[in-house]
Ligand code: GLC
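A single chain, nothing else alongside it, follows as structure tokens in the form predicted on its own.
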């Protein structure tokens, strides 16, 4: 009798153990991101909320601000099946090239994907697979010193010619008044992906096409593209410092934020930093659409970043939760308010807190909707090679190594050979 009661008790306990859910163990996730501006400090603060909600911790793996360097490292890690990185922050153009290495997020995002701009969702969908969740978008803008334009009675320029003339007038006037370090215009002139973005804006605004068109045709070798790049060449050492040929986003912002530039091309992230307490241009600047070429229309290169989950992650469920957190309305609102980053969620452009904190955000909605995409669709998996060949040709021209006409003719030949191997 005692034996039967004992067995009944043990069986009952065993049944209880099998039907009661065990607590989920917290995990440590690794998130990799570039380090432009104060990105990493922002993420560190936001991830405290994620940890408080889930118990999971997030270690940030910093990367250089150069998107070119980031992409090269990502390819190495993913090709090796690296399981140390769980979640990647990815450029909008990388989806076709890295799709096979990322988890399909279609099911996980089914309830929230409708809140994001459809064009961004489409850009991150490869062969029906959603490979990354939208985090924030971008488009190039022109920063200008409104105090200096008013001082010299100059309007905000509408064309590249007007920008160059105004930059020279203000630059010369300020140097005569004692500011020997001021330059008229700074931009991203280094030989990397940022120069592709800048130069595409010049070429497109002149009516010179998109390097490679969406149908895969190569369009870059044309007179309008030549004229656009030749004009940019005239800026070097006249209104732009020789060192601009080594500038990326942060170097441009550094010159601007110390008060040593009249105009700057950059992304919206520089707006909140330019108005920071340590900025010498706080309250002295504004932004506008980028100038156009003769007879053309303004063109702003579409940027933006997304969140992908590695298929090699040891904790894919937790990693997906982190990706959804970074892509969420709450996270994007915090980023917009504190960093002037453009949300991918349409409703946030009318959010009162966002509008009050960062006037640039609602004003950028039309600029984003009219932005020009880099030719990742036309070039497909060969986009990185196309971009590298393009920025090299442009950098050579700006550096005085050959004319734009000669360099674009050589570029066309390289791209034709590359296309022959299959986009």
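All values reported here derive from a predicted model rather than from experimental measurement. Numbering follows the first chain given and starts at 1.
From this point on, the text means the form predicted in complex with the ligand, which you will not see here.
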| query | finding |
| --- | --- |
| 4.5 Å heavy atom contact, residue 382 and the ligand in the model of the complex | no |
| Proximity of residue 376 to the ligand in the model of the complex, heavy atoms at 4.5 Å | no |
| Contact label in the model of the complex: residue 143 to the ligand, heavy atom within 4.5 Å | no |
| Contact of residue 174 with the ligand in the model of the complex (heavy atom, 4.5 Å) | no |
| The unique member of 92, 281, 170, 218 whose heavy atoms fall within 4.5 Å of the ligand in the model of the complex | 92 |
| Position in contact with the ligand when the complex is considered in the model of the complex, options 325, 160, 267, 185, heavy atoms within 4.5 Å | 267 |
| One stretch from 298-306, 282-290, 210-218, 237-245 that, in the model of the complex, holds residues within 4.5 Å of the ligand by heavy atom | 298-306 |
| In the model of the complex: members of 237-258 within 4.5 Å of the ligand, any heavy atom | 249 |
